[in-house]
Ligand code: CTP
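Starting off, we have a lone chain in the form predicted on its own, written out as structure tokens.
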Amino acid sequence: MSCQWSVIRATRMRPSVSCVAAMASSLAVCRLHMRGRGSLVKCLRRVDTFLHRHTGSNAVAAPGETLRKDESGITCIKKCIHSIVEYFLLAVEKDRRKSLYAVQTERQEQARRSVLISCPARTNEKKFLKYLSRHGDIKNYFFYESYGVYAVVEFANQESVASLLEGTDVPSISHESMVPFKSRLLSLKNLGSVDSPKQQLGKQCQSQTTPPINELIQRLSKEESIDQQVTSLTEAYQLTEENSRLRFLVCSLLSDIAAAYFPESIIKPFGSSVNGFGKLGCDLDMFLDLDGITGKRANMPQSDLSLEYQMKRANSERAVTQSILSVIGECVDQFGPGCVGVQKILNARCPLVRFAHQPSGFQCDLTANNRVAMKSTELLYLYGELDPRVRCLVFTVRCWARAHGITSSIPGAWITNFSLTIMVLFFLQKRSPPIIPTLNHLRDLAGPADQSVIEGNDCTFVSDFSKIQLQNNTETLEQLLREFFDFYATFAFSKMSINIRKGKEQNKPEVAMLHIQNPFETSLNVSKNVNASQLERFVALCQESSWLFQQSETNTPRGGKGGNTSTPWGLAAILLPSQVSGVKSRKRRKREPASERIKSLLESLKSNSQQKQKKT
């Protein structure tokens, strides 16, 4: 509050526009030399929110004094704070942005210095850390639950991991029946007395799943604006730092298995685990990267003679991929601790090995030679980093779609999350001015190092963020969410195809209910599976949500007494169960724009309002 009172007192000073610019400029200059940026950002946000709430009040009383409202001063200070917050956050964002390659490299190094330990339910945290610290400094650690309590421990260097493994025992019970494969998945045994509850874990176990939809709706109903609701939903759904670390560690553990046959290979996560659009609990898609297998690492004197490895030849690259995945899948099944339910699906369009990793709770898909998917991951990551509104809108639309059964974890005629993401990107390209550039524009900005052609497909786009100049679009998250539903409620799906490479509609090249062009494999339709009824449900729900956003009764915060309960409003209202089903035509939807759910909700709101008026 001291920060807030300081700003309130400063309203008497009436800072000029030049003062605003000077403050923003000086803050930007010193941003690289400041510590605790996160605390400052939170402070600025609190001040901004405080001023926003109190701008309309008649007076604000500070402890020991009374301040009269000075409208011009408050307005000037508010603009100043907005300028500082926006400028500072933009500077921090630009400072923070890294390429996907840089992020993956950093995460892989963290994973190589880490171990995964199964812990007893009653574990003394201090004793546990002291025991591990004998092997070296611990840089990071956290606990989580999945078929028991587990700890991810990152050491400062890999030598500490080697020392820990050298001091680790093999299981003493039924030793003959154990597969003697040593990994960095360990079990902690408590040989002493059981610790009392006060001596147990002090660090809370990290959640690995999203909150239930009912709990999320309650949380969103307590927010003060739709923008805050969208931000709150994103924070609740997106992968946490700990979950991302765990995903890379699982890949690193599996790399140790693959290294028995291919020492220079590496298993990397791709898709939603790293593109910035993954939610807690999503599958872990992995890619066996064999491109690092090369020869001639040593500098040898020039000679007329040279040696090369003898390698077995196969009929095709696909046959090689199938053979490799078959062997790795067998190793994972027979030797991988915690890997269960292994399925080798080798005849699919993209051969894969599917299994569950019980210690982490992840459902895993391992593929090889899937380079186009890796480029798609990189592209989505880039779009998400360009503007924070991109990820917020994608998370919100995906959550809305899942709440209404538009998407499903079961394969079928539903719209996929990838298709929804492309639809959001296309919508953002169509804004005026555009929020994100087209893929063709990103290709034109690419340098020689960015050139990429995979199996005849042009996968080239710029990777240097500094080369991408965005246009000045200031639309809020609330505006964008409203316009998204309006856009697709009237989109000509029967004639047009969605194309983020060009950023504009084009005539459908083939017969399909929903046609979304694959960004790189342009002859493919990523939504070919969607049938007529599912597309009609999507359009009907877009119309319903658009209509609901226009109703003041459901688009205004309506908190209960003491802030303990709140009636669903805004984003929370459109996540409630819908009655849209079996709609046969758009004409019928126009005659019945609101579902029975919305009508009953509005009647309930009016009834509650009338009862309150009678009491007063």
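Each residue number is its position in the shown sequence, starting from 1. Keep in mind that this is a model prediction, so the values were computed, not measured.
The form predicted in complex with cytidine-5'-triphosphate (CTP) exists for this protein as well; it is not shown, and the discussion that follows is about that form.
Not displayed here, cytidine-5'-triphosphate (CTP) is kept clear of D289 by more than 4.5 Å at the level of heavy atoms in the predicted complex.
Not displayed here, cytidine-5'-triphosphate (CTP) is approached by G271 to within 4.5 Å at the level of heavy atoms in the predicted complex. In the predicted complex, V526 approaches cytidine-5'-triphosphate (CTP) with a heavy atom inside 4.5 Å. Within 4.5 Å of some heavy atom of cytidine-5'-triphosphate (CTP) in the predicted complex lies at least one heavy atom of D285.
Picking from 218-226, 139-147, 102-110, 417-425 the stretch near cytidine-5'-triphosphate (CTP) in the predicted complex, with a 4.5 Å limit on heavy atoms, gives 417-425.
Checked against cytidine-5'-triphosphate (CTP) in the predicted complex, the candidates I454, A373, V327, C119 yield a single residue with a heavy atom inside 4.5 Å, and that residue is A373. T377 is the sole member of N243, N499, S463, T377 with a non-hydrogen atom within 4.5 Å of cytidine-5'-triphosphate (CTP) in the predicted complex. Contact with cytidine-5'-triphosphate (CTP) in the predicted complex, defined as a heavy atom within 4.5 Å, is made by none of K182, S255 and S360.
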